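Let us start with two forms of the same protein chain, each given on its own as structure tokens and named structure 1 and structure 2.
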Structure 1
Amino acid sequence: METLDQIKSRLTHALLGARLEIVPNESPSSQRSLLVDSEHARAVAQWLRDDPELCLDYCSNVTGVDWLEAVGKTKIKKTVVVDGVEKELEETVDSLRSGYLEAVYHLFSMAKKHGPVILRLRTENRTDKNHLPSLTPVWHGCEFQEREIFDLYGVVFDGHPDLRRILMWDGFKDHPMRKDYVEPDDYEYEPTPHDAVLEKAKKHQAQEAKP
């Protein structure tokens, strides 16, 4: 199978205007992935599926990732004058990275017996701009998995045929797989609380009993 760099190169020529970026992976697996802008995500997915060399006809799984706002380190170079002589110095400054959500698709070819190619879609933020295009029209196996990401992470998949909660009930609030999720302390849905759950339930009942 082609390398991810080769796939990216061919995609760049096939779909003009698509913004593609290879995301490194520092884990032992070293599986790099291809980040695609939302506007071209559906077209990229169709190309990956229909390209005769790749024929990525099977999406094995789709996972969600929550990235909180974080401060990172950025190295910048600047020129300073010391005793009348220009010198170039490297300085490390803090840079704020906004939070966002991701959907990660693992693609294989059943016809060619190769893969995976890992595709990433990224929202603009974690609040009001949390939409991504659904890839269910390209790979039907994504349907339930995108629903799970919608349910647990709060990503809204535009164009999904049946986007609704799949694990939590309809009246459930928030998205329990988000890193800043705060679980309730009343546990009204737990008919027989025990251990740590019981202790939280008792504290909640005691607070409610205060005048």
Structure 2
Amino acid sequence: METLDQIKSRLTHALLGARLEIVPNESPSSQRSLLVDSEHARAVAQWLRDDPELCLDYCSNVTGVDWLEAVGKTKIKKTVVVDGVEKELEETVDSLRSGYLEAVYHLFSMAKKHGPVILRLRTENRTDKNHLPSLTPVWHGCEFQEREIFDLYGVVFDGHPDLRRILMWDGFKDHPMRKDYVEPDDYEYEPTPHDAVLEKAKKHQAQEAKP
């Protein structure tokens, strides 16, 4: 199979304007992935599926990943005047990376028996701009898996034929796979609670005692 760099260069020629980026992977698996912007994601997926050389007709695994806001450290060189002498100093600056949700697609080819090619789509943030284009029209197999991401991560897939919760019940609020999810304080307690659970249980029982 072609390398990811070759696929990327062919894609940029075929689909003008698509913003593509290769996400590195330093683990021994060396499965790198292709980050695609949401506007062109559907077109890129279609191209990958229909390209006669790649023929990625099989979308195996679709999954969400939640990346919280994180502080990245970058080093910046600065020239400072100390006692009338110019000196070059290195300074680490904290840069805030905003959080986002990710959908990862593992693509294989049943016809050519190769793969995987990994696609990544990212939302702009984790709150209001959480929309991504659905790839279910390209691969029917994404249907339930995208519903699962919608259910557990709260990514809204535009163009999905039947976007509902799938594992949690319909009236459920919030998205339990998110990293900052806090479980509701209404589970049944251990018969002999201690430490933090005891505190919780006491609070809970006090609330229950109120009419």
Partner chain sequence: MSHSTTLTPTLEQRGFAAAPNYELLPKRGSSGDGELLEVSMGPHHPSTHGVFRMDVVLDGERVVKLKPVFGYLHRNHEKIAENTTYLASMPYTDRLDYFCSLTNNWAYALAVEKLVGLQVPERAEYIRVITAELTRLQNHACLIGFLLQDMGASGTPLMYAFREREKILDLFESLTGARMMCNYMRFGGCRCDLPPGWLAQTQQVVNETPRFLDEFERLLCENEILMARTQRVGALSRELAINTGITGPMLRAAGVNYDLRKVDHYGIYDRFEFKVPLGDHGDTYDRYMIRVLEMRESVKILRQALAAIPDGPIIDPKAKLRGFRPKAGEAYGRIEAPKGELGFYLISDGSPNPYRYRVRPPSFINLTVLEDLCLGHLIGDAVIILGSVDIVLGEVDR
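All values derive from a computational prediction rather than experimental measurement. Please note that residue numbering is based on structure 1, beginning with 1 at the start of its sequence. Only the largest set of C-alpha atoms that superpose within 1.5 Å between the two forms is called the rigid core.
The first of the two structures is the form predicted on its own.
In the core-superposed comparison between structure 1 and structure 2, the C-alpha atom of Lys113 has shifted by less than 2 angstroms. Taking 2 Å as the criterion, Val85 counts as shifted between structure 1 and structure 2: its C-alpha moves by at least this amount when the rigid core is aligned. A movement of the C-alpha atom of Glu199 reaching 2 angstroms or beyond is seen between structure 1 and structure 2 when the two forms are aligned on their rigid core.
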